[in-house]
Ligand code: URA
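First, one chain by itself: the form predicted on its own, in structure tokens.
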């Protein structure tokens, strides 16, 4: 790892803001390899140098990775003046530069990756990489095999060009016995009627990330999405033990697989 400034190391390790850690350095609370650090701008190597604050060794991780089961009602942003953000749900994070990889609508649930790894984020979101993103959805309307064929051809949603082909799968009880557990929907996966409206349950995989894309695709064929949950992104699937609002760190193997998704 390349050398970095001491104050950046301390801030990234959760010791405080840049201004706060500079005060701690001046007070002699910080040591580097057993000696008091006299200045905040000295360069250190996180792989080799031992940095302690008040006698406690600090661990520096260049990147952090979290899997969040995003609940409804929070926004996919780092800051928001009106609503709670997904970053506020990651309570154990030390770094201040975390961000969500892509966005889920405020009313959409499911898998959201939280990290500070810009390269990984860019690769997962780049249109040319064609990374699969799979969702479960409840639809107002009867989804038929004709709908499946139309999605496979791409849908005109009013942009400059139609969407890329999307894989749409109609869910049925006899073929998807575990669906109630996976999707936590509580209803059967056949078409059903609620308030006089025929509803369908589907799984849809897209490779793009246009604004409100799935909702607009169904609107274009005369239907409406009433529930949407992301199940996977690339090689990473949502841990079904995570309740909405819960998160965990990604394993080394999951990070490796994610980097192999593009």
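Positions refer to the first chain, counted from 1. Since we're looking at a predicted model, the values are computed, not measured.
FYI, the form predicted in complex with the ligand isn't displayed, but the following is about it.
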query: Proximity to the ligand in the predicted bound form (heavy atom, within 4.5 Å), stretch among 210 to 218, 25 to 33, 51 to 59, 233 to 241; finding: 210 to 218
query: Contacting member of 170, 90, 101, 104, with respect to the ligand in the predicted bound form [4.5 Å, heavy atom]; finding: 104
query: The unique member of 223, 228, 67, 37 whose heavy atoms fall within 4.5 Å of the ligand in the predicted bound form; finding: 228
query: Touches the ligand in the predicted bound form: residue 115 (any heavy atom, 4.5 Å); finding: no
query: Distance check, residue 147 to the ligand in the predicted bound form, heavy atom within 4.5 Å; finding: no
query: The ligand contact in the predicted bound form: residue 108, any heavy atom under 4.5 Å; finding: yes
query: Residue 135 within 4.5 Å of the ligand in the predicted bound form, heavy atoms; finding: yes
